[in-house]
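One chain is shown next in structure tokens, namely the form predicted alone.
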Amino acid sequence: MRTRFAPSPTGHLHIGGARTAIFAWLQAKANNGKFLIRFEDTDKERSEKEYVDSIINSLKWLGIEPDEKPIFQSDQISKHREIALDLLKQGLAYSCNVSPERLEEVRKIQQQNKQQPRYDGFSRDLNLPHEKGNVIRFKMPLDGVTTFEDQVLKTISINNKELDDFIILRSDGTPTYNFCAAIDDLEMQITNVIRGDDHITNTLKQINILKALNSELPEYAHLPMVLSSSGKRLSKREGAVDIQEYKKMGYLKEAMVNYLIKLGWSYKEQELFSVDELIKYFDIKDVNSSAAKFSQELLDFYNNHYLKKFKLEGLYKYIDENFLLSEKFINNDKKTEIIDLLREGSNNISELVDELTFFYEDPYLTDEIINAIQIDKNLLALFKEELKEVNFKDKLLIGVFIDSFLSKNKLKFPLLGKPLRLILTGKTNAPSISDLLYLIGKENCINRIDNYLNS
């Protein structure tokens, strides 16, 4: 088995493309096959090396690497042109000199008649000599149907009269996408084409090219689109961002792979998979034929799981190497304990790093925060004085002290905990009071309480 991922290097790798690449890679690995990459870079104006590097780096981060050196479609143009001219010679294609003005006129008439705009075959039987400025069009079958069994969507069929004679060689001698893709799949000996369902029309054209070349057809699997949670196309606000941006935000590759695989595929009731398990269980035929919906909440769930599963020392090293940490935090003796606490409630590492600040910097108490702190200052002063005598080397002793203080003063915990959390962190949502006291440290906690008492 030989599968391929064939992106155009005109942009970064996004969620939909990453899922396609993972499915193609897994299908190859599950069948002891090879996974290849082909950059379809014939759009010279928009193709950039920056995007080639970005796509390769994103795939590498996800753990996906090709089994052979990536192919660039532009390197094969002379081969494409040679085959197009050979089809012309065999009478399987023809030269066409119809002007853009006539094509536009025919299109308008078709639209007025509520017909699908398509080339009307004007030059098909004229046997024009191929001259400079002409295009070469492929002769699509006039009768019958083009059909194939899709491994995801099942039988797909269309009457050939619905397909027009599409251009395979432009007037400047450059080959077109559908022609190049078909030839490249043949040359690369691709056995399984896995791509988005927006390519179905392209597949129908490419099948006819391959049939004209007496080639064996690959198996096709078209993946339904990934939509937003509301069922619309993905936007930058929801999902349609560079995969590298997820890495920068602190999403782990294990979480991203698990999330992407769940966009349309499942195995029994299992939610979390190792790579070995994915290779063992994956089959493209099990992909759902309905569109998948992007869910930030589910991605966060997976990432939180893997953050908590990460060995603590390894997680600290990863954060230190990939995120900017304050010198004050790096020099904190309890830094790994702080990370261990914060990862419990963090969706990603960026969130976690943002939360680190109040462990080494006094919060700025705005008027709004001060007004929200509802506690008797005399009671707080008493709490501070008794806190000075607590042994901070053991977090359990801090918890015992708090329970004792509440009991002696006949207080319910929220009456102390809520204002104290604001005083210590400037936030309403923060870890438990005993954790905060222990990890911020006695001296800093007392200073922060004094800052409030003196405000």
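Since we're looking at a predicted model, the values are computed, not measured. A residue's number is simply how far along the shown sequence it sits, counting from 1.
Note that the form predicted in complex with the RNA isn't included here; everything after this is about it.
Taking non-hydrogen atoms only, Asn208 never approaches the RNA to within 4.5 angstroms in the model of the complex. Contact between Leu263 and the RNA in the model of the complex is found at the 4.5 Å heavy atom cutoff.
Taking non-hydrogen atoms only, Asn57 never approaches the RNA to within 4.5 angstroms in the model of the complex. The RNA is not drawn, but in the model of the complex it has a heavy atom within 4.5 Å of Lys308.
With the RNA omitted here, the record of contacts in the model of the complex names 425-433 of 382-390, 58-66, 26-34, 425-433, defined by a heavy atom within 4.5 Å.
Of the listed positions (Gln90, Ser157, Ser78, Ser326), a single one reaches within 4.5 angstroms of the RNA by any non-hydrogen atom in the model of the complex, namely Ser157. Shown without its partner, this chain lists Ile369, Val241, Leu186, Leu103 as candidates; in the model of the complex, only Leu103 has a non-hydrogen atom within 4.5 angstroms of the RNA. Residues of 360-394 are not found to place any heavy atom within 4.5 Å of the RNA in the model of the complex.
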